[in-house]
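Quick setup: one chain, the form predicted on its own, written in structure tokens, and binding and motion questions come after.
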Amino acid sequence: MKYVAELKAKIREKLPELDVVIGWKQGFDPVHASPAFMTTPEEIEQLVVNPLCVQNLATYLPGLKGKKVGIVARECDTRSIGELLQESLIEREELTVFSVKCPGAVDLVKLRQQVGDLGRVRSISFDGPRVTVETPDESSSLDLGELLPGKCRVMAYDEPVLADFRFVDPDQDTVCREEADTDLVALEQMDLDERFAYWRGHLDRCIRCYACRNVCPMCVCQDQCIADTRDPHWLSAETDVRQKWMFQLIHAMHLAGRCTECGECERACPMDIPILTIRRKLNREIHELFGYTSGMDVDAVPPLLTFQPEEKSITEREW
């Protein structure tokens, strides 16, 4: 990205005022980037911004409350920051947001389907919408648009929800798209028996690793999570599908109207369960009932975190 040098310079300028700046750096192999916690000028030099930087760094912010934190965030990531601010889980005066134009994101599951074993990838490079992958056997030129995760196909953000400093490559097009959410549409067209079988099949693969919970920026009660508590004992350690289903539904309901659809739950799931579809469905219901979209207005109060004696769109008294 053309703005990376400018971004590094601004972070170096602001670093003396901050305890840490969160960004990305090259990971353990060519196809992974890792979160970077920068506290020295030398660490800033490791900063990278490219389509392999898929983690939503807002996940780390509640754990750093009380510190002066800078964060590098794509436009969609700022929606999670906005929701955390709405719920007073972080403080605006402690936060410096370095907003960057999103270069797109690579779904490693889709990349694996294209090139095979990712462990054999020797290098990966990006040139606009093209992705070049080198393996010992061949060089593949792929379309970045075909490697986007599902979240990037159904929502596009051209503007950050909030930003202290913004970095944009004027020659860079928005990669994300505004397409129909075909997965959710297909699910809604199923009858109840088909839908039950669909989720039973997917959730039976769940191994209760809780990666979806641990990576979620809005799951902030992990020390008192209902999945772990034994007093009261809501969930057993049994591995039957009923217990897996119970956990996933509780998790989804706790995120109703709060989920910012960042897709981290689905990205982290080792069993490729389409967890985000559940959250999207609940978000659509919240939007229809209350006209609310999570994280988009830092001054708004999430509808399920407040109480109104009368809701404009809920008219059960008229029945």
Partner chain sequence: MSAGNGRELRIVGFLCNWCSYGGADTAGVSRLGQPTDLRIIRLPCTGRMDPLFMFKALLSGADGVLVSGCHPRDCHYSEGNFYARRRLELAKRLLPTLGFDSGRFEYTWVSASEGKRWQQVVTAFTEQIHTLGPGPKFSH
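For the two forms, the rigid core is made up of the largest set of C-alpha atoms that agree within 1.5 Å on superposition. The structure displayed is predicted, hence computed values, not measured ones. Residue numbers count along the first chain shown, from 1.
The form predicted together with its partner chain is left out here; the points below concern that form.
Contact with its partner chain in the model of the complex, judged by any heavy atom within 4.5 Å, is made by just one of M246, L162, A156, L108: M246. With the partner omitted here, the residue from R92, R195, R166, R112 that has a non-hydrogen atom within 4.5 angstroms of its partner chain in the model of the complex is R195. None of 137-145, 71-79, 233-241, 99-107 except one has non-hydrogen atoms within 4.5 angstroms of its partner chain in the model of the complex; the exception is 233-241. Three-residue candidate spot K281, F290 and Q308; every residue lies within 4.5 angstroms of its partner chain in the model of the complex by at least one non-hydrogen atom.
Using a 4.5 angstroms threshold between heavy atoms, I250 counts as touching its partner chain in the model of the complex. Looking at R130, you'd find every heavy atom of it more than 4.5 angstroms from its partner chain in the model of the complex. Although the partner is absent here, M296 lies well away from its partner chain in the model of the complex, with no heavy atom inside 4.5 Å. Taking the partner from elsewhere, L304 is found to have a heavy atom lying within 4.5 Å of its partner chain in the model of the complex.
In the model of the complex, its partner chain lies beyond 4.5 angstroms of every heavy atom of every residue of 66-83. Annotation: Cα of E13 displaced by less than 2 Å between the shown form and the other one, core superposition. Shown in the overlay between the shown form and the other one, fitted on the rigid core, is a CA shift at D299 smaller than 2 Å.
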